[in-house]
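Okay, here we've got a single chain as structure tokens, the form predicted on its own, with questions on binding and movement later.
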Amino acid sequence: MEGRSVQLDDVWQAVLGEIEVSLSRGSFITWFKNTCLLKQSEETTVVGVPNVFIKHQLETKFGDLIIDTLRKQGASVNQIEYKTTPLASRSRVLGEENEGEQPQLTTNVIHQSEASLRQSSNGLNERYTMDNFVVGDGNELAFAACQAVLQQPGIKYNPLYLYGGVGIGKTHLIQAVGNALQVRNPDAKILYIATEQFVREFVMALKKRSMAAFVNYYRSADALIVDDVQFLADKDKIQEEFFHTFNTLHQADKQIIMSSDKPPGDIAKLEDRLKSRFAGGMSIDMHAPDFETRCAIIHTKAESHQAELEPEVVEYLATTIQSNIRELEGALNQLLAWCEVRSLKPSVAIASSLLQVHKARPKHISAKQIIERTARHFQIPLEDMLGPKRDKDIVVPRQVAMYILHEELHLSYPKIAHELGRKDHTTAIHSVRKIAQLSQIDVSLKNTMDNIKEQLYA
């Protein structure tokens, strides 16, 4: 039996190798990780899969590809049965644990169990692991870079800087790296902190005259993970302290990981020396998840609640909520809770009814609120937004505000121009059209506007 199992594994690894070439890395990891070949004969071919959602996807989307690839490997197969089984976990689809081989950027997965992580003072949330992070086209490069960091912390990709819109998984991924580092070395000092918390601790240390303790705490870290570093902007004393902490850790080959909503060079009122250091390692733009990734995220989250969703429910949620993982998870939690209380099975009809309420927006949002929120997001004074300045770092936010006014409040172009202090309404026409075109090709810009609107309706 053992020899037969090895033979099946060899055939399946050859099949996976062929399939990997024809798919994006994200799709391959999402749908083929933890699959295996359970049985292969002229009569029956059985592929093991970890859950019913992946079973459905392989049956409906990849069935022909799998059959053709099996035939290329010399297997006689006419149809395939997909069976959910824990045996699927024996698949080595990502090539981990190959003894004697050097670690590769996109082919190694850290397999230590992270389930036993304890909540501690390092700031990390034990729920965020590499195992439950869903990889897709929008985040596969970031995920691969994090794997490389785990192989050589402090050496490869230091600092690692991840940026992108709100709710796309940045916090999950950077904390997952921290948790994996802690598992590998329980005695290491792995610190995670949100920038706003770092700022509060700095101010408190000044008040209590305990700066020495503050400095020693962060500069003695083996890995420092900082979320939302854009909030360092316009805080001169704190930027200076962070600069020296960064240098101390970097020179000692200690790993630094950061997240932000924009690339280093786009953070207004951030010192040039910090921008230079942030961009000195690896900077990666994380995009909103594609449809397949959103489906996989929904299934993973549902599974963590011991809930099973029909494929059509998963696909409805993934189609309805497209840009924000956090919003996607919130909608799923609402659906599951509503159905559990009433002992109902989740359906598209129920999800549709709940999401109509979930998406309802208040009608009291004003033009002034939109303009103020946009100015705050771009960290520019409101008077500059409404004034005559034509600097690029002011013109673009002004154009974004005009576009949101047009889309959300359906204001006329003359009214939009008036709200922004413009005399000529053709300026508003040009701005709205320009942002509409750019948002189709610039994912970062689209994420920015989604972030502003989310804050408006929060």
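Numbering starts at 1 and follows the sequence shown. Treat the numbers as computed from the prediction; the structure is a model and nothing was measured.
The same protein has a further form, the form predicted in complex with a small molecule, not shown here; the description that follows concerns it.
This chain is drawn without the small molecule; in the model of the complex, the residue among V314, I297, I190, V226 with a heavy atom within 4.5 Å of it is I297. With the partner removed from view, the residue among G178, G167, P346, P264 that has a non-hydrogen atom within 4.5 Å of the small molecule in the model of the complex turns out to be G167. Heavy atoms of Q255 never reach within 4.5 Å of the small molecule in the model of the complex, leaving it off the interface.
Taking the partner from elsewhere, F242 is found to have every heavy atom lying beyond 4.5 Å of the small molecule in the model of the complex. Under a 4.5 angstroms non-hydrogen atom cutoff, the small molecule in the model of the complex has R127 among its neighbouring residues.
Residue contact with the small molecule in the model of the complex: K156 places no heavy atom within 4.5 Å of it. Each of N132, N139 and R326 places at least one heavy atom within 4.5 Å of the small molecule in the model of the complex.
You can rule out all but one of 195-203, 377-385, 169-177, 209-217: in the model of the complex, only 169-177 has residues with a heavy atom within 4.5 Å of the small molecule.
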